[in-house]
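Let's start with one chain on its own, the form predicted alone, as structure tokens.
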Amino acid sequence: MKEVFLRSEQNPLITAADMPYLANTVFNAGVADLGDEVLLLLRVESCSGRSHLIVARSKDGVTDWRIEDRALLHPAQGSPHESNGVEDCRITWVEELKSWVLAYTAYSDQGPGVALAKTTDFSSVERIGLVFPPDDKNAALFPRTFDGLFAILHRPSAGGGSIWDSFSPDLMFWGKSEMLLPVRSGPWWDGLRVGAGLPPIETEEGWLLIYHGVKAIAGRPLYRIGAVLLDLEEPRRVIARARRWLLNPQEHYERAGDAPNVIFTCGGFVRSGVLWTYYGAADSSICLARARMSDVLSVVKEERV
């Protein structure tokens, strides 16, 4: 089977050893392409076990990462919904707001919920607050509105671990919720649960959603990356869904770590027709894989719905 994604020879790009302070692991980064540099919003698990979000920057998006020593979002900042951690951020530039919107998991004693925040400089944030209560996670915002409504993907625990969508006039109050992408049953690679990965990417073919799928192997979860295509004007209509996974744990840094056999992406971007996908490997490092957009779309369109 032809590999669609090619891993960076510099993998893993960032580990806990690269942090300017003692940390357990670093993984699952949100991504912003700023033009002259790439910004990652790293999920860093401290030695307490809780996670926070730290900014890292690189001119080429691969090497010489400059990692800040102060968290952009941290459970110690006082939000009750984040008392047990801030995790797995997806970053979306929303032109209508002239702002980056951060969609992340806010972890409290009641469990994981979805929270939103805005930033223009990644130095300070304006918290919008908790928008989906526990248990809910894996939120990714579309970069534009539909008939005046913002659209978001998320994964409530109820309903079998499927991806849902919801709409909002103001980013705070959400409704019109429906299940968008169900898990597939039986032996499928995404038969246990699915969740949004990168924020949806607008293409001429439709909205490309890179998502993770989970399968239980000998009682343990195996996380892979796949893709689905959504209608441009009706984003809750699935046009095509890849039958097979596109990136599978096979390297030693993906096979061994705090969570073995996990590839989990929260962000990426497209440059010159190439999709850059940053991913957490085994919940223990930040890695990068690239694929031609034409190749990804070709695999997805093999199975039209």
Ligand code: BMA
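These figures come from a predicted structure and were not determined experimentally. From 1 onward, residues are counted along the sequence shown.
Below: the form predicted together with beta-D-mannopyranose, not depicted.
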**OP:** Just one of 27-35, 61-69, 244-252, 270-278 has residues with a heavy atom within 4.5 Å of beta-D-mannopyranose in the predicted complex, so point it out.
**Re:** 27-35
Original post:
At the 4.5 Å heavy atom threshold, is D88 in contact with beta-D-mannopyranose in the predicted complex?
Top reply: yes
Subject >> Contact label in the predicted complex: Y211 to beta-D-mannopyranose, heavy atom within 4.5 Å >> reply: no
Original post:
Even though beta-D-mannopyranose is not shown here, does A259 get within 4.5 Å of it in the predicted complex, heavy atoms only?
Top reply: yes
**OP:** Report yes if any heavy atom of H81 sits within 4.5 Å of a heavy atom of beta-D-mannopyranose in the predicted complex; otherwise report no.
**Re:** no
Original post:
With the partner left out here, if you bring back beta-D-mannopyranose in the predicted complex, are K137, Y223 and D283 all within 4.5 Å of it by some heavy atom?
Top reply: yes
Original post:
Looking at beta-D-mannopyranose in the predicted complex, which residues in 176-208 have at least one heavy atom within 4.5 Å of it?
Top reply: none
